[in-house]
Ligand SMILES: NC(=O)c1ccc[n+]([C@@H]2O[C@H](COP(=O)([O-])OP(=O)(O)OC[C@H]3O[C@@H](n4cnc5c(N)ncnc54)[C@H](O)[C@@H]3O)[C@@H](O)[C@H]2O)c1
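As structure tokens, one chain now follows by itself in the form predicted on its own.
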Amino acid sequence: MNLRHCKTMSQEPFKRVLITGGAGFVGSSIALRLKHDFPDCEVVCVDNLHRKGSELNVPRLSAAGVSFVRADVRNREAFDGARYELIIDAAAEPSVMAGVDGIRVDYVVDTNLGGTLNVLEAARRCSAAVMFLSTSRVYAVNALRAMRMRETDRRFELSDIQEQAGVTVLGVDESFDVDGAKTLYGATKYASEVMVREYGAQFGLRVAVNRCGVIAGPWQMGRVDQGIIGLWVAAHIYGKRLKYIGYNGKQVRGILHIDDLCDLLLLQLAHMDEWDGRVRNVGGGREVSVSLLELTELCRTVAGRTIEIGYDDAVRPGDVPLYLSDTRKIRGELGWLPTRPAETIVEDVVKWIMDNKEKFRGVLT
């Protein structure tokens, strides 16, 4: 193992940390981990509680000593008087289907791009470092669909020989094509990436950009357009109806346990000298990936229940048959590797739901 992976921090790197989207799945998980590892650090979470179920994270944050402020990142005044040393921007409307029907386009744009601009202005005023959580959805949809792949009985696989730059059998790296339509979600996050890097260059801020693939784990309130692992597990436990949409269930995603993401962020905090605006892919890669067919089998085995799953041949805007993050860049820099396989991710989500089955019935069904 790379020795850098073993480096630990003897004291908190920051005294005051702000996390936007702090009552969401990713934001709350990061906040709780920071507070656990650095109890003397003041951690403040901001969230508008727009997503169903996010309000259930507020008591967890409070019990851990994390401050919570109900506010909207679209409102610049919410950041008035901000005095933080680090801002982790995890706020987003994360649905790839958001705004596709022309409804509430302003919410997607104003939250994902406008909210990040408000974060950057707050960071500029108080000289805070910024960790921006972006998405693999910044890569062009048509380029992803054009990758050469082969079809097996259970999944799609990338071919050994590719005609496009930035993709190998290991997946998509940071040089892959971003020129083209991405979905409104992906476009707003890419625009935010550009602004994060510009603020870093123009105003001397320490900034880092993580392009995250599918993240999963306990406390994710999954739904059909975002949070697929949580959705699939919950459906098996509660007996909900599911269907494969396009690709006959063979579509593949690399998945990353939320604890592996938190491990990485703590490692990055120990290496602030490398916060120079570089973009890094973050995901489970080929090693931690599943097709929907494979995910179904995992859920049936772990949850001990079989449900009927339908088929829909439609390919929705933004749908792609396969996405894997090639994370060799960040692995080479920090020695970071995901340690939790797909089976563990499903097992952890099953346990979380079973331990809270009645409490979350109205949220997850």
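Just count from 1 along the sequence shown to find any residue number. On a predicted model such as this, the values are computed, not experimentally measured, just so you know.
Although it is not shown, the form predicted in complex with this ligand is what the next lines describe.
Judged against this ligand in the predicted complex with a 4.5 angstroms heavy atom cut-off, the residues 156, 246 and 297 are out of contact without exception. Among residues of the shown chain, residue 51 is one whose heavy atoms approach this ligand to within 4.5 Å in the predicted complex. Remark: residue 23 counts among the residues lining this ligand in the predicted complex, judged by a heavy atom distance of 4.5 Å or less. Interface membership of residue 212, defined by any non-hydrogen atom within 4.5 Å of this ligand in the predicted complex, is confirmed. At a distance threshold of 4.5 angstroms between non-hydrogen atoms, residue 47 is in contact with this ligand in the predicted complex. Taking 84, 139, 185, 232 one by one, only a single residue has any non-hydrogen atom within 4.5 Å of this ligand in the predicted complex, and it is 185.
Scanning 200, 94, 284, 171 against this ligand in the predicted complex with a 4.5 Å heavy atom cut-off leaves one residue, 94.
Annotated contact segment (heavy atom within 4.5 Å of this ligand in the predicted complex): 67 to 75, selected among 234 to 242, 266 to 274, 96 to 104, 67 to 75. In the predicted complex, 133, 134, 135 are the residues of 116 to 136 with at least one heavy atom within 4.5 Å of this ligand, listed from first to last.
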